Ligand code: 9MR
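One chain comes next, on its own, written as structure tokens: the form predicted alone.
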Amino acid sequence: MFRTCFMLIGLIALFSCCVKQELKTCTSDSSLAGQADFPIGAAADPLLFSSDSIYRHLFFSQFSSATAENSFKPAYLHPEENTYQWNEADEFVSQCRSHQMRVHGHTLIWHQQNPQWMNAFAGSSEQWEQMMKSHIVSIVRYFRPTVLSWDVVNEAFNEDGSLRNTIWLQHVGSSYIEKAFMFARQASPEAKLFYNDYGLETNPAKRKAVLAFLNHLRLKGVPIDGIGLQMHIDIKYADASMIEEAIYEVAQNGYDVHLSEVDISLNPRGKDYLLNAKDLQAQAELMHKIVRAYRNIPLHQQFGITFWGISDRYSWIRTTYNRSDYPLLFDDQYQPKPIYCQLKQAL
């Protein structure tokens, strides 16, 4: 019955969204956060706050939830085995809290952006587990109670649904995921704890494997509160109905849903590209459909929508893939794009 109601509501929402939307312009005078019933967030680089005043203004005026792009990752917070560097993350938290923003911690356990000492750690499986515990507990406890949600484990699965061969799997075993969540709960009993991954919104096989794995852990009492669907998608291959199904399926399994790293690429193939109104329109309409689908899950499971950046100027896609792309809400001159306008309308 629950699934039937979800799908019926979703079909109605999709039908209403299929009506051609005109390419519109709007202003950013009012905030996105003020329009929404759930948190609207963005990932930000705190180093830009002092060097780019417009970037800083948009971040603090438009959003209600904050994620640091890098400052909370292991290589930044824990550069040496017995040394933690808190300054950059502390400043980020302080500025966000002064603007009444929620801060989401990203990420505790990952296969990338680990410090060299961690990758090279020598010890038994028991020593690896103790090292992981110390890392998680120290960070989560330090930021309690200003940071009350965490991506505990990030990207632990391959595209076929098997476990990724990370340093944690190699040295601790598959129980590392379970143990990571238990350690985080020990450090902050009140925090919301998330598993975060890419492709769950477009790869049903991977999503079903992740849900089966996490559901099994929950039956054992492992505290997994939510799932982050990263949502690094594009206008060429993304299927709105498949994304809708993913959102509903995660909610139906009883998890809070965080659309955690949203950007919508216009040039996924990395070819010579000329920005055009048609693609901007497609980007805006896809965003509209996603928000409508998200709003149709129970409100208490809507942890929020977080964009992985603010302006196209600083998108990670450009630097990582060395290509022209325009995946975010504001253009290079910080003007709101059609995707921003459609988002505000959908909220």
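Please read these numbers as outputs of a predicted model, since none were measured by experiment. Residue numbers run from 1 along the displayed sequence.
One more form of this protein should be noted, the form predicted in complex with this ligand, which is absent from this view; the next part is about it.
Within 4.5 Å of some heavy atom of this ligand in the model of the complex lies at least one heavy atom of residue 110.
Within 4.5 Å of some heavy atom of this ligand in the model of the complex lies at least one heavy atom of residue 70. Contact between residue 232 and this ligand in the model of the complex is found at the 4.5 Å heavy atom cutoff. Interface residue remark: residue 114 is not counted as part of the site for this ligand in the model of the complex, having no heavy atom within 4.5 Å. No residue in the set 102, 150 and 225 has a non-hydrogen atom no more than 4.5 Å from this ligand in the model of the complex. This chain lacks the partner; the member of 256, 249, 155, 129 within 4.5 angstroms of this ligand in the model of the complex by a non-hydrogen atom is 155.
None of 135 to 143, 70 to 78, 216 to 224, 158 to 166 except one has non-hydrogen atoms within 4.5 angstroms of this ligand in the model of the complex; the exception is 70 to 78. Applying a 4.5 Å heavy atom cutoff to this ligand in the model of the complex picks out 308, 316 from 296 to 327, in order along the sequence.
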